[in-house]
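Here you get one chain, nothing else, as structure tokens; it is the form predicted on its own.
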Amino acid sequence: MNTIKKFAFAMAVSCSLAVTSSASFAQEKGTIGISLPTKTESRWMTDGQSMVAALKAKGYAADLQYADYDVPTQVNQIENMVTKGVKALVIAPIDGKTLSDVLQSASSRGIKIISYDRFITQTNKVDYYATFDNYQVGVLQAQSIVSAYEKSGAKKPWNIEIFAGSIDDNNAHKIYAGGMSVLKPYFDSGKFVLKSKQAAIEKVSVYRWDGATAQSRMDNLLSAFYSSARLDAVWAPNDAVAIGIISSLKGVGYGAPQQKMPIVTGQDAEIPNIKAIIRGDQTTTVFKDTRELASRTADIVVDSLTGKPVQVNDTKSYNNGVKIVPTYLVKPMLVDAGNWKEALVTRGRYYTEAQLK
């Protein structure tokens, strides 16, 4: 074998060994199970992809599963992950109260359990929680309504209707509490009027945050209370609900030149909703950078597995009914017609401008 061939052979062997060593190293670090609610909302797809990438960068494999908003499916998927021997579980529960038994099994095997975005309740087997500051989400949504009211110089009260997220999702309660902390004084003073008188979260919640359900409720509200009155604002808790509300409003003539759209809020900065903001159909949404949440979650997973101090920034607020769960809260951002491009394209690089045309 001549010198050149010997060198090439040596380099090939060296590269092969390096790849084998790297793969073995990753394999030794293990697999993290990720259980998310659904593929029907693009944000959960982004969450999953971001978390897989973040874990891969730290040398861990990922078993990512979606449960199609079916609780038994999610439980079964988690059971399979436990059986396979994952090192940790990252779970965004469909129903936070239904996982006690499977998490007991996981914990008994030494598997770390991180509640992701949605809160797992009624069990002491949750080690950490990573989420957005959902109370602040509600505050931002409500403040955008108040800001629009004050800028309008309205001489008479505004008619407002309230929608909330799914009653079985702890985030819905946090968002509702945050928003009501801002809106209640305006209702109490008479500046805002709730013609339907439907204010309790049990009355205004939208099961599974479903847009079609929201549209049906909005249809009923418009028919019952607004046949001869203008609706000035709708507090929508997320973008899926907002889309249903907007469809209902446009169906009775809002959005035409002679009947401008009410203020409509949202959350998640979904592409159809940013387009709606650009068109003027939706007023605001709340951007929650799932890349940052995924990265923070990956840090929590790795630090908890390797014995390093786990970074959290809330050790008081999240009581799941059994224990206070150490939590990392990621800050949300209000997006509107004035800042969407900077927040999501120029600086945020979350979307390309072409995606939003």
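Numbers for residues come from their place in the sequence shown, where the first is 1. If you're wondering where the values come from, they're calculated on a predicted model, not measured in any experiment.
One more form of this protein exists, namely the form predicted together with ligand BGC; it is left out here, but the text below deals with it.
Heavy atoms within 4.5 Å of ligand BGC in the predicted complex are found in one stretch of 180 to 188, 76 to 84, 260 to 268, 218 to 226, which is 260 to 268. Taking non-hydrogen atoms only, W209 approaches ligand BGC to within 4.5 angstroms in the predicted complex.
For D299, no non-hydrogen atom is located within 4.5 Å of ligand BGC in the predicted complex, even though that partner is not displayed. A residue is said to contact a partner when one of its heavy atoms sits within 4.5 Å of a partner heavy atom; W44 meets this definition for ligand BGC in the predicted complex.
Within this chain, D169 lines the site of ligand BGC in the predicted complex, having a heavy atom no more than 4.5 Å away. Taken together, Y69, N238 and K288 are fully in contact with ligand BGC in the predicted complex: each brings a heavy atom within 4.5 Å. Contact with ligand BGC in the predicted complex, judged by any heavy atom within 4.5 Å, is made by just one of S144, T123, N134, N273: N134. The partner is not shown here, but in the predicted complex the stretch 116 to 148 reaches within 4.5 angstroms of ligand BGC through a heavy atom at D117, R118, N134.
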